[in-house]
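What follows is one chain in structure tokens, specifically the form predicted on its own.
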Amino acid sequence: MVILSILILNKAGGLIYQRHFNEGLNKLSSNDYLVLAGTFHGVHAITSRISPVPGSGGLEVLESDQFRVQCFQTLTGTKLLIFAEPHQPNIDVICRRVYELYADYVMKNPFYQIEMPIRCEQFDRQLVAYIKPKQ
């Protein structure tokens, strides 16, 4: 499994978490990551409205020759963006596991304020423990 990066966006499209796991992606500035999050949020919202399928959730997968972006949107509107290699198998399973870690270690943290940047060491440790051994 080669996961390059994980971003978590709040329901307003703000970047609340960003972590690299591989050197495959170019490093961007903090401002660039904020722009990326806002842009993806906007494109996701537009694609959910123009979809010919009623109830479509919007843009879910963006593929290129170099990487693949998988979006997992929760019922609360939080989006998990996983950047992986183009032919990464079972990325939907990875998305669900990352969401489980988010729910267990971030949302159950009494000190976490909803929609604010995630600063939870236990979440970081569990996420690294899940992603790194599989790389």
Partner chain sequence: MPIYSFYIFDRHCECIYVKQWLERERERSSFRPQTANSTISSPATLSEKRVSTPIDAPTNARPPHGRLSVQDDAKLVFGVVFSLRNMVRKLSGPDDNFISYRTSSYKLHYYETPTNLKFVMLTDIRMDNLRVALHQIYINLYVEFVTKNPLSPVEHKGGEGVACELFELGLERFVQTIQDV
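Model, not experiment: these values are computed from the prediction. Positions refer to the first chain, counted from 1.
A second form of this protein, the form predicted together with the partner chain, is not displayed here; the remarks below concern that form.
Asker: Any chance I114, Q122 and V128 all have a heavy atom within 4.5 Å of the partner chain in the model of the complex?
Answerer: Not a single residue of the candidate spot has a heavy atom within 4.5 Å of the partner chain in the model of the complex.
Asker: With heavy atoms only and a cut-off of 4.5 Å, decide whether I50 touches the partner chain in the model of the complex.
Answerer: Close contact exists here: in the model of the complex, I50 approaches the partner chain to within 4.5 Å, heavy atoms only.
Asker: Hey, in the model of the complex, is E100 touching the partner chain, heavy atoms inside 4.5 Å?
Answerer: Because no heavy atom of E100 falls inside 4.5 Å of the partner chain in the model of the complex, the answer is no.
Asker: Taking 4.5 angstroms as the cut-off for heavy atoms, does L80 touch the partner chain in the model of the complex?
Answerer: Answer no; every heavy atom of L80 is more than 4.5 Å from the partner chain in the model of the complex.
Asker: Any of the heavy atoms of V61 lying within 4.5 Å of the partner chain in the model of the complex?
Answerer: Flag for V61 set to yes.
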